[in-house]
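Read on for two forms of one protein chain; each stands alone as structure tokens, with the labels structure 1 and structure 2.
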Structure 1
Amino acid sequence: MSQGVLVISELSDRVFRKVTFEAMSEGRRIADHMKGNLATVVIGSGIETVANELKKYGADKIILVDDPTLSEYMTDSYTNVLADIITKEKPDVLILGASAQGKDLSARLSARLNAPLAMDGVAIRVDNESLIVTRPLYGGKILADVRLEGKPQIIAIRPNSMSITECENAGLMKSWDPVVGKTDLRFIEKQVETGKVELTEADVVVSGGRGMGSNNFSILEELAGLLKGAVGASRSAVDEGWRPHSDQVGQTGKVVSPGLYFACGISGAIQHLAGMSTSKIIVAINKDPDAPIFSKADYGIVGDLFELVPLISEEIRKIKQ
């Protein structure tokens, strides 16, 4: 019998990242397809209560690794602990989110276990015993179907690209004694802006480009705030110093696929389009009727964004009441 699927869940200050639920839902689907089990590892410190949440997503087994030394993600300690679990549990498939943590961890595990890895997968299908994973290349200008040959097949899934399905299951919780082993890295401090919606996980992204003309993005922040979304920026806005690098959407920045994307004062250079064209609905607001962005947008308004964006916020406020 197949050993099934193992999902590595991810916590940020004892709260699961949304991509973990996406990974669980996808893991359940693949496990059913392969007639195997779905297990998940929850790793951190003081996390027993929150771990129970994963029962909602159909885990047959929750492996709880609760240890004060694992309160923060450190490449070496997490790789050691997880490689030990994987070696003993022998999953056929390993799924995790392609977050900053997941990208680092999956690459290290792939090399440690000599196991094939598909990074930033956006779709998975089962083809006989092996998986075919669709992943974007060239910042999304092209999609590749890759076959993973070897064990375990590791897939880091791109946030926001797979749906969440709840599936109640009386999964059992099992405490695991972590083998932390030799570590070199030392955690010093962490600074995270609280309450800020992460760009790659946001359902709504409101981005500004050269047309913003300055670092005053307050009208975009207001619109994003109303929709519990995040503010992004084009490369030119970042190069001008109007927004931090971490806000950049595009081939050399972040790739986003929200349900709704607003491009405000963004002409639509190929590098920017690569970073947002998988958004479900795109709205473009630009003064120039010939801006390339309009050819990719579901809805376009030709006009002054400084006049239009506050009016859009006002209209949204009306329907939200």
Structure 2
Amino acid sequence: MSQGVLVISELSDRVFRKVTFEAMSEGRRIADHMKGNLATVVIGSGIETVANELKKYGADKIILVDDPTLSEYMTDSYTNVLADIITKEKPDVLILGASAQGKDLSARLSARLNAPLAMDGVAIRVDNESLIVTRPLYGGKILADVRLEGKPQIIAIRPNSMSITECENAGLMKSWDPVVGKTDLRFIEKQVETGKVELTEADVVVSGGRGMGSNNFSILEELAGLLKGAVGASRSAVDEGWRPHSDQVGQTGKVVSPGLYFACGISGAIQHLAGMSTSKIIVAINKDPDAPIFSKADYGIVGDLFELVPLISEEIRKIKQ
């Protein structure tokens, strides 16, 4: 792969999303295997200083697209700029995170460049000059190996599915004059919830379902806070109005892959399992011993979550003292 790997980074208020570091680490591994270079694109406004952070994740080259018109993510303008970069740089492999932004962008680039795309990859291996991407299908019921053919091969990786490895490199900075082109979208407003751990990137997720009985998720918030995690919810809890849709975990919500997932008062419907089945360790707490969630759990506790969750929090508090 003479042209190497290109990683599309993702910023949120001039801070890199964690999945960017995962993509960089995986890109470095693939580039080394193929004896190619690793480049990354950083798009935004006033980002030169923060872009230097990617040097420690193995970047041979950092393509800096610093322009006020690109301060906020807009599908058409970002697609136009990146398509121009990819056409001129000619990478063999393109990697980005399968975040909301990444899924939107990767699909656009695949269509624009007529390039193969593997979405929501959880593992990548190299077979000669082709990449084989493992990705969940049918709500996580199976893991399929998908071989990509054609160039560039685009992979959107699921957050929290790849390890992060630091590998200091030169990271030659190259400024790029963007070709924004015609855009039909206009940025109006952005609303951001501050002080919350991003659900899709959290190492610990504590989710509640219909068994919570109300919108009082305080015991789950306490446990999540102790573990520096995020609070999620099942579709039933969201439909009841107990949590915002942004907290929903499941097929029609967010897909998460934390190291530790607590399912509290969640029965384990297929829709919910599709959003959390790739979690490393799953702990289920439910009154019903026959709840489907127990078939997916590494640890299951049959009992009242309002008694058990505070006890877990208390034990964690003792350990942290």
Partner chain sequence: MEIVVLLKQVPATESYIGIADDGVSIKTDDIKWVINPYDEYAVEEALRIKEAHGGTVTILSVGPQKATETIRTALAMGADQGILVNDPTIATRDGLSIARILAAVLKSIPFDLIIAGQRAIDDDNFLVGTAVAELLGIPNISLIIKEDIADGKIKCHRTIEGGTVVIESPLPALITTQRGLNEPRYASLPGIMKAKKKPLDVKTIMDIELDRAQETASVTRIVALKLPSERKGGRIIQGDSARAKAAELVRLLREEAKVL
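For numbering, take structure 1's sequence and count from 1. Take the two forms, find the largest set of C-alpha atoms that superpose within 1.5 Å, and that set is the rigid core. In this text the structure is predicted, and so the values were computed from the model without any measurement.
**Student:** I need to confirm something. Of structure 1 and structure 2, which is the form predicted alone?
**Tutor:** That would be structure 2, which is the form predicted alone.
**Student:** Relative to the superposed rigid core, does the CA atom of residue 29 travel 2 Å or more between the two structures?
**Tutor:** Comparing forms between the two structures, the residue 29 CA shifts below 2 Å.
**Student:** After a rigid core superposition, would you say the CA of residue 240 moves by 2 angstroms or more between the two structures, or not?
**Tutor:** Residue 240: C-alpha displaced by 2 Å or more between the two structures.
**Student:** Does the C-alpha of residue 302 move 2 Å or more between the two structures once the rigid core is lined up?
**Tutor:** Yes, residue 302 moves 2 Å or more.
**Student:** Could you tell me the distance the CA of residue 270 travels between the two structures after a rigid core superposition, in angstrom?
**Tutor:** Shift of residue 270 at C-alpha, rigid core superposed: 3.4 Å.
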